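So this first bit is one chain, no partners, the form predicted on its own, shown in structure tokens.
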Amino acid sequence: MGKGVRVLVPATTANLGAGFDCLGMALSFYNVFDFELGSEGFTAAGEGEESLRASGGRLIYRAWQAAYRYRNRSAPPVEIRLQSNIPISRGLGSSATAIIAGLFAANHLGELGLDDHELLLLAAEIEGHPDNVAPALLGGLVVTADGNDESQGQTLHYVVLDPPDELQAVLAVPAFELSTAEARSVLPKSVSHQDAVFNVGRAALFVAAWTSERWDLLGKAMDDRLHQPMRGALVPGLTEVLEAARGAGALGAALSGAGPSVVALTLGQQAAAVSEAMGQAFQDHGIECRIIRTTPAKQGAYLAD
């Protein structure tokens, strides 16, 4: 039997309304990855297992190899087993868990000595944007911004904010998939100055409301003009689901990442009413969905004992 490790990586929700490609939050349910050196092969069970098996774990292996290549080393053969607990192609960061798991396991088993910043740079390069991979790696609410340093090249700036214990997340997960590529294809190549100002203000307000616990401001802070109006055509009933969540007492609601899932943030007792309202709104548009009630996760990727 070869040397092995088990890595757990959380689901994530990105954008949170106005924070397009720069805000992401970890959620308290995890994909579980087992890595064993000495042989090759990939198996998957659970959510989306048929699609995952068909993929052969390509994204995980790509990340595994990228970590070794960063240290100018050849990646050893590894067998990977995935217990998938996160719905795939639903805007909940399933692909981000694959990338982070591959990097995280390689860093540990290969004793590569990569720090969080290096892991995040590699992950963002593979994913194409940092909003999901950052909270998957670091936990909490993560604010990210691309940056270029003349002496160091491409870099990322990020801040991790801990979620409050009382905050809950309600996810309405429709019974259809939506790829990130498809969801990005409907976005305009340019936006008006007015819409840009609208979103900058809302994204800043979200972070300010979070840090000061002004939960009464989250509803306005999660409004958006850069992606949700366009993606509504791909998610029947999106506007009504968002309105239903807020009407039932949610602090705020938004399309989760590229969708089609919708996330609502609540405090305690509101979660049940918000769950029912979101489910009914999707049902009214002929969309079957399931509800996942969870909490923001303070812990990102970690090794199981």
Ligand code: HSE
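From a predicted model like this one, the values you see are computed outputs, not experimental measurements. For every residue, the number given is its place in the sequence shown, counted from 1.
The same protein has a further form, the form predicted together with the ligand, not shown here; the description that follows concerns it.
The contact with the ligand in the model of the complex, taken as any heavy atom within 4.5 Å, belongs to 129 out of 220, 81, 108, 129.
Listed residues 257, 252, 57, 237 were compared with the ligand in the model of the complex; 257 is the one with a heavy atom within 4.5 Å. Taking the partner from elsewhere, residue 180 is found to have a heavy atom lying within 4.5 Å of the ligand in the model of the complex. Within this chain, residue 231 lines the site of the ligand in the model of the complex, having a heavy atom no more than 4.5 Å away. The ligand is not shown here, and in the model of the complex it never comes within 4.5 Å of any heavy atom of residue 117. Residue 184 belongs to the set of residues with a heavy atom inside 4.5 Å of the ligand in the model of the complex. The stretch among 97 to 105, 130 to 138, 189 to 197, 156 to 164 whose residues place heavy atoms within 4.5 Å of the ligand in the model of the complex is 130 to 138. Shown without its partner, the chain has 14, 15, 20, 21 in segment 8 to 32 as residues with a non-hydrogen atom within 4.5 angstroms of the ligand in the model of the complex.
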